[in-house]
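Shown here is one chain on its own, the form predicted on its own, set out as structure tokens.
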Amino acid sequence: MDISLNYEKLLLGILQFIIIIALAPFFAGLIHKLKQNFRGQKGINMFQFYFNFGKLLRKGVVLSDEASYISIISPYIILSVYLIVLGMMPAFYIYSLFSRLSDIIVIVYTLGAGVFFLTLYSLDQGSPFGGLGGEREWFFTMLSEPSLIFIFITLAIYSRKGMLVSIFDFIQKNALGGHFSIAIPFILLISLFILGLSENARIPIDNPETHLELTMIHEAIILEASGKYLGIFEYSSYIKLSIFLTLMSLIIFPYIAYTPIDIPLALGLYIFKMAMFCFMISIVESLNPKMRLFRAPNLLSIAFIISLIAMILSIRGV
């Protein structure tokens, strides 16, 4: 696959990048609304998170007396990290903004950098709850990252490619040619779905709606954040959720446009697939309670075993 850039690819890659960023709060709001509907509530406006973000940007920032420059730069670094990863990924157009940087190892380490600066922020506030949340975040990251690495390695072995753009180009062409085995992608999807719940602080691993200090993980990290910093953290979480949902949509049902004329259809299918995964997440969160902290590793162990099985099957050429 030729990933050299020209002006048309660059412009379409930028367009794809902007559309996904713009849609990120919508998908998070859709999950929230569906959960409320399942509870019998009217539910929020699906665009409510856009209004919340705009409101937070207009508010001032209050920093702890213990905070250093780390607390000032961390929100922007975290947002930049997830924007870079998002720019590496194809969603509905094959040539992403950073196609030539979309190496699977680079993606894993870049995602890890986001967690690193997020926990730095929590520790820099000098709050006991921030430190508690940072420790728990690293605990779950330590359990989930091996599975994520195995998923990317499996994709690389399966496609014999190392770039994310080339991997999904291979999967799509084989699917269209009828030489596509659903076994490995389906196994990977199960593992990635569990990891998506963990990495995005969703039930049953964490509860994004809770404010009970002793049970919070992600919310404890940003407990001291306010104003535009809180808005940036929230938007970063929306983008991270979109990253995992996009990966799942590409693994199980890849359809990516190669020419501008195919983009409307590919974009429509992309939004449909993302909405379906939002529906699945809302179902899981509505039917399950939050797990106790030391039982959650059992679920992540299942994701690890599944990703390991998928890697073994890909080596054997299943």
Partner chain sequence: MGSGTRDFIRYTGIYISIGAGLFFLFFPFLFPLKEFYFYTFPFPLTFKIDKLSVFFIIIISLISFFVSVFSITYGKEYREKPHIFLLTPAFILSMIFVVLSNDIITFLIFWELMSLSSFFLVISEGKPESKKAGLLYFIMTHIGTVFITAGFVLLYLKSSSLSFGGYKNIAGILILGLMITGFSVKAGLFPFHVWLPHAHPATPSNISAIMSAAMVNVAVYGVIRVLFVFGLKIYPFLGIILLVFGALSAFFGIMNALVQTDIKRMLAFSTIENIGIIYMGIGLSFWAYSTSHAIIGSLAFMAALLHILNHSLSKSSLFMGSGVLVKNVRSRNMEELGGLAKRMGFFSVLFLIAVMSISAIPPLNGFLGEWYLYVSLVGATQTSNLYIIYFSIISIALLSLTGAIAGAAFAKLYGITFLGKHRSEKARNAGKTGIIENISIFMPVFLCVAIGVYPYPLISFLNGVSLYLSGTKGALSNSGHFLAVQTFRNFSYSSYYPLLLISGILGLLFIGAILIKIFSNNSLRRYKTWGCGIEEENRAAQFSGSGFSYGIMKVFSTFYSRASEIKFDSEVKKYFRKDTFYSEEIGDILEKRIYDPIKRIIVKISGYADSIFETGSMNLSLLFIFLALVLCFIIYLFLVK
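On a predicted model such as this, the values are computed, not experimentally measured, just so you know. Numbering follows the first chain given and starts at 1.
Below, we turn to the form predicted in complex with its partner chain, even though it does not appear here.
- When you look in the model of the complex, the only residue of 264, 40, 289, 60 with a non-hydrogen atom within 4.5 Å of its partner chain is 60.
- At a distance threshold of 4.5 angstroms between non-hydrogen atoms, residue 308 is in contact with its partner chain in the model of the complex.
- Although the partner is absent here, residue 272 lies well away from its partner chain in the model of the complex, with no heavy atom inside 4.5 Å.
- Within this chain, residue 196 is remote from the site of its partner chain in the model of the complex, having no heavy atom within 4.5 Å.
- For the chain shown alone, residue 172 is not a contact residue for its partner chain in the model of the complex, no non-hydrogen atom being within 4.5 angstroms.
- No residue of the trio 165, 248 and 279 has any heavy atom within 4.5 Å of its partner chain in the model of the complex.
- Of the candidate stretches 30 to 38, 64 to 72, 281 to 289, 254 to 262, only 64 to 72 has residues with heavy atoms within 4.5 Å of its partner chain in the model of the complex.
- Shown without its partner, the chain has 223, 224, 228, 232 in segment 217 to 236 as residues with a non-hydrogen atom within 4.5 angstroms of its partner chain in the model of the complex.
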